[in-house]
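First, one chain by itself in structure tokens, the form predicted alone.
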């Protein structure tokens, strides 16, 4: 089913940190990293405790989500200058962002970018991903050597991924890696039963990470580790560390994931080994 038992990194865990997202406001979450300096400091701190990849959304001067290309390029450059992390940009942006702006994210030259595999109800909103848009995003990443992480919000999205690969070929780097985003209101639930069902649909040879949103964060992390998967954590996905306890910072979530990965006898792997795992060019 998955080549995670044979590929480099198969006996360790790739930890991705998603520090900001597009949903939380700075007013409601004062410790959310939104400025360039905050993002760089967050990246450095998370790398120290076990993160190998960073999944980035950026904000404007008013701390609102933006896909401004100049800011994206500046962010990619700054994180590369200050860390060894794999830099992954979100092409999802906010649910209101037009397709042209989402495609233009690739012009910032990240190592990797997200590629969502279908439309999903996202709380009270709709995260729209038309088939034609998915194909165009996939092809542009192939042409530019940007490695996609295929975002799966519901089980049917895995069928779309198979269709995409069958019709348009393997991604840049030649390896298929996906992220099961679980617990989004309107998407698949964040529980062990659903993760197990998803694993039966993952393309042969693929590896996977799993992300638990909100209160599903820890259950999904544990389920993914037990199934041989990798993990994504961060304040994009949860601002709660424990019942009644807010997250101090993103490094706190990465450190917990690192500790649990070690307990599972699959310790965190570094950026270099992660690049080999994902097919990201050095």
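The model shown is predicted, which means the values in this text are computed figures rather than measured ones. Positions refer to the first chain, counted from 1.
Beyond the structure shown, there is the form predicted in complex with ligand KMH, which is absent from this document and is the topic of what follows.
Query raised in the report: Since the chain is shown here on its own, which stretch among 67 to 75, 148 to 156, 167 to 175, 198 to 206 would lie within 4.5 Å of ligand KMH in the model of the complex, judged by heavy atoms?
Result: Careful reading of the contacts points to 148 to 156.
Query raised in the report: Does residue 57 make contact with ligand KMH in the model of the complex, using a 4.5 Å heavy atom cut-off?
Result: Output for residue 57 is yes: heavy atoms within 4.5 Å of ligand KMH.
Query raised in the report: Can you check whether residue 22 is within 4.5 Å of ligand KMH in the model of the complex, heavy atom basis?
Result: Output for residue 22 is yes: heavy atoms within 4.5 Å of ligand KMH.
Query raised in the report: Is there a heavy atom of residue 236 lying 4.5 Å or less from a heavy atom of ligand KMH in the model of the complex?
Result: Result yes; residue 236 sits at the interface with ligand KMH in the model of the complex.
Query raised in the report: Does the 4.5 Å heavy atom contact test between residue 83 and ligand KMH in the model of the complex come out positive?
Result: Judged by the heavy-atom cut-off of 4.5 Å, residue 83 is well away from ligand KMH in the model of the complex.
Report task. Scan 109 to 144 and note down the residues that get a heavy atom within 4.5 Å of ligand KMH in the model of the complex; none is a fine answer too. Result -> Stretch hits, in order: 114, 116, 122, 127.
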